[in-house]
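One chain is shown next in structure tokens, namely the form predicted alone.
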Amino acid sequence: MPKRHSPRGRHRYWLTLAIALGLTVSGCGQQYVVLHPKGPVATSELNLLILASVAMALVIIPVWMLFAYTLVRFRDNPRHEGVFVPKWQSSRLLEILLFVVPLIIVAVIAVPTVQKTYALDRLPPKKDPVVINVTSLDWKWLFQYPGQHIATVNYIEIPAGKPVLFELTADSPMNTFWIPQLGGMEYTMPGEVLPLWLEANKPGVYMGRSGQFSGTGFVHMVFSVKAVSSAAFNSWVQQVKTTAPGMSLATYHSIVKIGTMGHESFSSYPAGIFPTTTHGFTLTGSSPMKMP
């Protein structure tokens, strides 16, 4: 006859399985970049995510416990003599709790979220940002630095500890710009410009990618973000200006064509290849987005 496990053995088995599953989906490893922020925007957003998760757990965990208790306590077995009839039909206290507790939890999530959303809609005061014009293409990313008048494809360098104002548009179907360790994603749309500011706390190399499916080459729409010191950033700009070729209008049209590319640098770019109007979509605060 097959060996039967004791109730204690079965409980230990299911507890071990639950712990293993929890560790698997918990995002403990560094590969879960969203849970390892490297900038103030991403840190604020992660804190909101943790707050929402804890608040929801206060509802989900008791419900799971009550569900498990109900399955065990009221399961059918040969000792039951008949249908179980509760001794009460309603509870005013329980009705009030079922209404008030979710209301409190929603408020705990909503109030900080609204406050932080409006706070992140403003550039940090007394900080002059680096402006980068971003154009999503099929299937690549074009970056222009209007202040430095250089351009890159599929990679950018930014100064660490300084906000970067990304002005986002598209010369292809709508897409999404995302650097997970620096902050949330924002849309890129043809004929429109949307603002997004991010900042890296310290030097490092971070992954950027498209967050929206846009065709067969979507998987190749990745770019690298290298955060360096201010001195190293200025040195890199000068290097691109002196060693990289200029981008002609014909070169731009070849880049726009459907296909993939590697990393490219350009010491200049033609005027007029980036939209000059925002249709009212600007960052608010002391440093509003200004189009070149």
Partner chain sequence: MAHLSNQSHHAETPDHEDRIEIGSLTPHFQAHGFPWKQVLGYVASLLLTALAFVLVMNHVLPPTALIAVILVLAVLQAMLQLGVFMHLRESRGSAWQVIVLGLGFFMAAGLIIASVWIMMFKAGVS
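Positions refer to the first chain, counted from 1. Computed from a prediction, not measured in an experiment: that's the story for all the values here.
Unshown form predicted in complex with the partner chain; subsequent notes refer to it.
Although the partner is absent from this view, Val205 stays clear of the partner chain in the predicted complex, with no non-hydrogen atom inside 4.5 angstroms. Residue contact check for Glu199: none of its heavy atoms lie within 4.5 Å of the partner chain in the predicted complex.
The partner chain in the predicted complex comes within 4.5 Å of no heavy atom belonging to His149. For the chain shown alone, Leu123 is a contact residue for the partner chain in the predicted complex, at least one non-hydrogen atom being within 4.5 angstroms.
At a distance of at most 4.5 angstroms from the partner chain in the predicted complex, none of the three residues Glu157, Ala160 and Pro163 contributes a non-hydrogen atom. Heavy atoms closer than or equal to 4.5 Å to the partner chain in the predicted complex belong, across 199-227, to no residue whatsoever.
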